[in-house]
Ligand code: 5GP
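Starting off, we have a lone chain in the form predicted on its own, written out as structure tokens.
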């Protein structure tokens, strides 16, 4: 963060009394971790902070400190400044997009390469491992308050968005930050147990059913799985219980591209794409008004799940 942006951000926080921090639709660990970390830190400054959810909070993140501070939307809210975290565009806020128009100032903090810089101040760092890594740097550089609870939220975001520190977006700075988080009191055994060793029975049943019906294409280089509403009903599962399936498919030895299709309704399908070495997931999703990162991206297509599968297979074909 350069000195000009640093000073501007510091001035905005100093002058603002009513601060909003908002999540995106279908939030993940990085999104929830970053809004809790930044919101809690500014609250310790004595600011009036409202942390808004745009969607459900996944069950596996309910252990996070201060999770009860995330509230549902109220129409009478107004803010001096609105922090939008981990969102590549305003559409990802769902109904909360209206606060973009109501707030006096928008600060957009993100690490997606597809971010369209919709804020008055845009702190977008595609080379960062996660939005939580950026939040840690902001807290450190502005000397904002941090404690073990805030550190736990930041660690959760970094761990989940780096695939447990396996992805290309991890560097020495990432590990230095984690070292500092541990020194602040983050209990990584507890966090990792909650994140990676507490899968519900419903999620396990869904996982088995969806994986067993997945398909392979192009000499086993592309794997596609579909999560239908019927799958969810049979397993008594929630939509977020499908998290982790697309990564499991990608980790198959021959697979370069893995695709997970999630049926939202009859003619609306959410797409998650992961790649391993040479295919650009962000480029594929951009064709369908989505985006993300080089190795992980998503989009939403207004077609039924079978039609969406055909569209994606045809689009991926040119890269294989």
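The shown structure was predicted, so the numbers you read here are calculated from the model rather than taken from an experiment. Residue numbers count along the first chain shown, from 1.
Beyond the structure shown, there is the form predicted together with the named molecule, which is absent from this document and is the topic of what follows.
| Among 62 to 70, 33 to 41, 266 to 274, 49 to 57, which stretch has residues with heavy atoms no more than 4.5 Å from the named molecule in the predicted bound form? | Residues of 266 to 274 come within 4.5 Å of the partner.
| Is there a non-hydrogen atom of residue 290 within 4.5 angstroms of a non-hydrogen atom of the named molecule in the predicted bound form? | Yes, residue 290 sits close enough to the named molecule in the predicted bound form that at least one of its heavy atoms falls within 4.5 Å.
| message | So, residue 312 and the named molecule: in the predicted bound form, are they within 4.5 Å at any heavy atom pair? | response | The answer is no: residue 312 has no heavy atom within 4.5 Å of the named molecule.
| query | Can you check whether residue 89 is within 4.5 Å of the named molecule in the predicted bound form, heavy atom basis? | reply | Because a heavy atom of residue 89 falls inside 4.5 Å of the named molecule in the predicted bound form, the answer is yes.
| query | Does at least one non-hydrogen atom of residue 299 fall within 4.5 angstroms of the named molecule in the predicted bound form? | reply | Yes, contact at 4.5 Å.
| said: So the named molecule isn't shown here. In the predicted bound form, which residue out of 250, 97, 226, 112 has a non-hydrogen atom within 4.5 Å of it? | reply: Selected option: 112.
| request: For the stretch 34 to 55, return the residues whose heavy atoms include at least one within 4.5 Å of the named molecule in the predicted bound form, in the order they occur. | output: Heavy-atom contacts to the named molecule in the predicted bound form: nothing from 34 to 55.
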